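Take a look at this single chain, the form predicted alone, given in structure tokens.
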Amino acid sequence: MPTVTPYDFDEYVELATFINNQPVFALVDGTVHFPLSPNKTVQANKGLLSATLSQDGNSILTGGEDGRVMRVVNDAAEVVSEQKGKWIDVIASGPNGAVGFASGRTAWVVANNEIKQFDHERAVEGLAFAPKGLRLACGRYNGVTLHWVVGNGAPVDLHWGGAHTQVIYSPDGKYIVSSMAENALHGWRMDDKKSGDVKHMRMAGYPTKPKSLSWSANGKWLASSGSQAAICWPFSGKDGPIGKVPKGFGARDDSMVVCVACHPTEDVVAVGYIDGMVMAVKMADGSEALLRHPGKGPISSLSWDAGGTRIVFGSEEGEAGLIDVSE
């Protein structure tokens, strides 16, 4: 049976993850908590707006109301960049220590001890780095813009009407998917390099906005929130989900899925609900395992450890925990 070690914080948990195999929790008050280290707290920002795990898994990156982008590692915080007067509400981790972040209509990338700025006509709502090559995708109103960080290559605009609030690359880099302000996802297939053409894919039918996205380990499935079940779109085959229907896992009639996190090696998805429940579901047969009973508020963050035997979660009400699923 899974065992849960609970933690209780006073603030919304922006990010629950692992650094060097230890659970870490970043809260909106700007504090980062290491409950096993032993119960150490680091002040990263004065008001935290965004946080993500670095690609190497050895640090977390935070952005705040103080204009600072911070890297928290070894129980200490260091400044990556400071943009005075800006609110850093979008952040992304790239290869070889690169960091992308945005405020308003401007995105920046810090890489190789240099900073590069990218200006847009509309506010940047989402950021993601390509899995190969230093390329940044910026979600905005009416589409996504792709920038090469190194060199002077022209940006590429992927147009689709509406507000694109989050952006994510598939693990193989063939697809870019954005969540939208309407109740839908939109995707582009990027692997036709000779013609430069892209294929559009619209993934709609959600009762609420799908705000949480997670790729399965092999990239065959894209899990998403926004319904009474975790909606998983098939991306195997040449055209991904075009002409296919998604599968729903962990369906409940009395609650909505607000957070999803796919297992690092297996086709299993952890599902967090608006009432605080956490469940794990096998995609092969839909079998379910209850990991945590409902709590005080919606799950705001879920992450697996590298071995796939533990999960950390945080909620909007400050409840958090470490779930051991190894037994």
Partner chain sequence: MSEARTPVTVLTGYLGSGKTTLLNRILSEDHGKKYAVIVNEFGEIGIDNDLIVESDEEIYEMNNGCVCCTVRGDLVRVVQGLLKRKGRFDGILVETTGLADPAPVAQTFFMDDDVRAKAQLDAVVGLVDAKHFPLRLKDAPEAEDQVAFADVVILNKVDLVSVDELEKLRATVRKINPHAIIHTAERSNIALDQVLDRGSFDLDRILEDDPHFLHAHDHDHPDHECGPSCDHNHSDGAAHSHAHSHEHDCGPDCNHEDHKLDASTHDTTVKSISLRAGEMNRDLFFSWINKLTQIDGPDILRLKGIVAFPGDDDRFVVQGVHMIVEGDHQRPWKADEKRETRMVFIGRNLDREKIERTFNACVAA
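From a predicted model like this one, the values you see are computed outputs, not experimental measurements. Residue numbers count along the first chain shown, from 1.
Keep in mind that the form predicted in complex with its partner chain is missing from the display, and what follows is about it.
Glu316 belongs to the set of residues with a heavy atom inside 4.5 Å of its partner chain in the model of the complex. Although the partner is absent here, Tyr12 sits close enough that one of its heavy atoms falls within 4.5 Å of its partner chain in the model of the complex. Using a 4.5 angstroms threshold between heavy atoms, Ile274 counts as touching its partner chain in the model of the complex. Its partner chain in the model of the complex is not approached by Glu288, whose heavy atoms all lie more than 4.5 angstroms from it.
This chain lacks the partner; the member of Lys199, Lys247, Lys209, Lys174 within 4.5 angstroms of its partner chain in the model of the complex by a non-hydrogen atom is Lys209. Scanning Val156, Ala181, Ala76, Ile242 against its partner chain in the model of the complex with a 4.5 Å heavy atom cut-off leaves one residue, Ala181. Residues with any non-hydrogen atom within 4.5 angstroms of its partner chain in the model of the complex fall in just one of 92-100, 233-241, 120-128, 215-223: 120-128.
Counting a residue when any of its non-hydrogen atoms is within 4.5 Å of its partner chain in the model of the complex, the hits in 69-92 run Gly85, Lys86, Trp87, Asp89.
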